[in-house]
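There is one chain below, alone, in structure tokens, taken in the form predicted on its own.
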């Protein structure tokens, strides 16, 4: 697959054209941002980990019938994905109250919600990605009612699957953000999961200690962000493969000598 010109650069990824008009290359950067791009840094190894973790999660979701844009991982930092028109809404699913929800409503941090809360934000950096309602989405035609109902059910299915997957490796899925896009191939229009699912887009807490294993380590100056992302990858059994995906500071396995009998 031939890599072409840059089509788009965001805060964490770059999209490149390919020689297939329906496919693009998604490159994961090491840039870290928070608070609507007010806080920035470059953290070596972050993009490698997000690429690998997101590929794993999207593959597993595809296996249970959640359509998404992933075709395959190409290398340490890049994926081949389907070209989609991103819907200008971020879909946030919350299982435990923290972050902006607690600040907006005065809810105690760490409150376990009785059922998943789905929120919608308009993707507008200059406006601070404001919270919007279902009525806003329909009134301003950002989606039609069929797309909105479909995505609502999809994010609940994604939440159920991710909660089980992370619980199995001792991690609480506190909340997460996803994006969807529209694709049209051979005249057929589809809505599918796009972007990424990684510790950049999820809040992940250790089940025993509530240690944060996500981008809150950068937001709140807790340090060791790459090490936390490594821990997620290790628990998901993703770092036993080729040495070329081993991120920063992850030790090489020691050679074991086998005694001859």
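Positions refer to the first chain, counted from 1. As the structure is a prediction and not an experimental result, all values here were calculated from the model.
The same protein has a further form, the form predicted together with a small molecule, not shown here; the description that follows concerns it.
- Heavy atoms within 4.5 Å of the small molecule in the model of the complex belong, among the stretches 135-143, 153-161, 183-191, 92-100, to residues of 92-100.
- With the partner omitted from this view, the residue of 67, 27, 219, 56 that lies near the small molecule in the model of the complex is 219 [heavy atom within 4.5 Å].
- Checked against the small molecule in the model of the complex, the candidates 82, 177, 77, 172 yield a single residue with a heavy atom inside 4.5 Å, and that residue is 177.
- Remark: residue 226 does not count among the residues lining the small molecule in the model of the complex, judged by a heavy atom distance of 4.5 Å or less.
- At the 4.5 Å threshold, heavy atoms of residue 129 reach the small molecule in the model of the complex.
- In the model of the complex, the small molecule sits beyond 4.5 Å of every heavy atom of residue 50.
- Taking the partner from the other structure, the small molecule in the model of the complex has a heavy atom within 4.5 Å of a heavy atom of residue 201.
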